[in-house]
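As a starting point, one isolated chain is supplied in structure tokens, in the form predicted on its own.
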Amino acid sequence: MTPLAKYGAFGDEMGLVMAFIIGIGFGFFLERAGFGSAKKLVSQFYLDDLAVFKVMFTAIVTAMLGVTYLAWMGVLDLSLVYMTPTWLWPQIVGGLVLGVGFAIGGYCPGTSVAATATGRIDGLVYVLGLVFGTVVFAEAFPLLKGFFYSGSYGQQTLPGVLGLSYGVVVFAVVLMAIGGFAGAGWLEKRFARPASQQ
């Protein structure tokens, strides 16, 4: 819905309604794609089913192309699109914690909620762990505040960091996606498990 809210297309109340509708739709399609199953999700670590990689890369490229073309056409003002500032060290640690949790538990935060909504007990346990971890972090934040705001680099973009134009970076990412899809297909064939083990 962003940056429609900044253009005044709707107020805060409607923004909450929009967020709820988008969230329900997102969860529905996650489940329909099989991403509410830990077994399906961890298959990417065994390299025999890289559907998660393909879907995420497709989403990234689609959003990137959409934002880029809308900006070039003058429909979208990129200055109104919020970018999370870079806090290098806490974001590295957070990424590692998320990755390890994903590998061990078989879910990321979004897929665990989708799994819980469909009655999976392992998804519910994962969500409870997320809630517990969030409360513990919130209570411990005064002690962690210094680390939380360490390694500040402000708002960064790939074109800015690499010193390249947006067009060149977009083209390079599209080429990476094509190569990634081809490589994923090869890996799936290479590491395919017999039907009896699936």
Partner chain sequence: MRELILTRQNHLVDPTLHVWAWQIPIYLFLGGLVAGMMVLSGLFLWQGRHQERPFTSSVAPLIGLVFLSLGMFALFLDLEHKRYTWRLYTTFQPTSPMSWGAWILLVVYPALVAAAFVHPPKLLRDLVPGVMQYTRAIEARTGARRMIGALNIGLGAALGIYTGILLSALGARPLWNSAILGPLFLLSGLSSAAAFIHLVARHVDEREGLARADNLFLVLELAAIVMFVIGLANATEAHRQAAALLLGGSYTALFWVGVVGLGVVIPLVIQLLAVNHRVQHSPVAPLMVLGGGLVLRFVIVSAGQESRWAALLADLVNALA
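For clarity, a rigid core is taken as the largest C-alpha set superposing within 1.5 Å between two forms. Residue numbers count along the first chain shown, from 1. A quick note: this is a predicted structure, and the numbers were derived from the prediction, not measured.
The form predicted in complex with its partner chain is left out here; the points below concern that form.
- Checking 70 to 78, 85 to 93, 112 to 120, 98 to 106 against its partner chain in the predicted complex, the stretch whose residues place heavy atoms within 4.5 Å of it is 112 to 120.
- Contact with its partner chain in the predicted complex holds for none of Phe26, Leu30 and Ala33, as no heavy atom of theirs lies within 4.5 Å.
- Among the residues Ile22, Ala9, Met14, Met176, the one placing a heavy atom within 4.5 Å of its partner chain in the predicted complex is Met14.
- Here Leu175 does not count as shifted, since its C-alpha moves by less than 2 Å between this form and the one not shown after the core is aligned.
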